[in-house]
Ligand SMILES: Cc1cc2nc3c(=O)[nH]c(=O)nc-3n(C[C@H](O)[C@H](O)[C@H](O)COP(=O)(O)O)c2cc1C
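To begin, one chain is listed below as structure tokens, in the form predicted alone.
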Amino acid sequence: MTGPERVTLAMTGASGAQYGLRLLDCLVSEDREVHFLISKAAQLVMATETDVALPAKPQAMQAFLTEYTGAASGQIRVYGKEDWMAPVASGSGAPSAMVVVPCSTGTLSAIAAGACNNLIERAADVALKERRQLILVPREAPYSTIHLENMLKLSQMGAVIVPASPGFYHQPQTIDDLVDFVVARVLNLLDIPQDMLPRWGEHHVAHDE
């Protein structure tokens, strides 16, 4: 198995709930254990942008997502925003990789400042202090100077910023194709196999052959 066996996946209140749900589905399909965190704002956005209505309580949400993705029992673990005993809150228990997708600019700011006011911010803080992989997928337009300064600060700390800016060289035919472009880039960074998007040059090599 390449890539991390366990991944922390957090969803916050920016537009782009489809990215987080698709990444969750891909991680489950690749037999990864997922520690799932979601803000109240993200739940509101998800209800607005998709037909997925998550239960409010972590235990019920865990059961829903397990059924929704076809995950094995215990493969998805959901934690509340103040569950400070969750593994993701400590360097001794957190997965080696964390993705925040979508990442709101408010969450971006809080992570850059080390606020740790909720479990999402604390989990990201742990990833930074332990020098583990932290991938942030912001979705905003345009970016203010504050947003850009926070991205630069986090990049200098070791985080990877992946704006939700799908490309078009794979000739997308549907919205799902655009979602898959961004999710595939995240999976590539995690070194987790994906077949949604050929790596640059692969299509041309296959065509030439």
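Throughout, we count residues from 1 along the sequence that is shown. In this text, all values refer to a predicted model and were calculated from it rather than measured experimentally.
Keep in mind that the form predicted in complex with the ligand is not shown, yet the notes after this line are about it.
The ligand in the predicted complex is approached by S39, whose closest heavy atom lies within 4.5 angstroms of it.
Proximity of A14 to the ligand in the predicted complex: non-hydrogen atoms within 4.5 Å are present.
The ligand in the predicted complex is not approached by L65, whose heavy atoms all lie more than 4.5 angstroms from it. Using a 4.5 angstroms threshold between heavy atoms, L27 stays clear of the ligand in the predicted complex.
Although the partner is absent from the chain shown here, L44, T107 and R139 each have a heavy atom within 4.5 Å of the ligand in the predicted complex. Heavy atoms within 4.5 Å of the ligand in the predicted complex map, among the stretches 29-37, 171-179, 44-52, 150-158, onto 44-52 alone.
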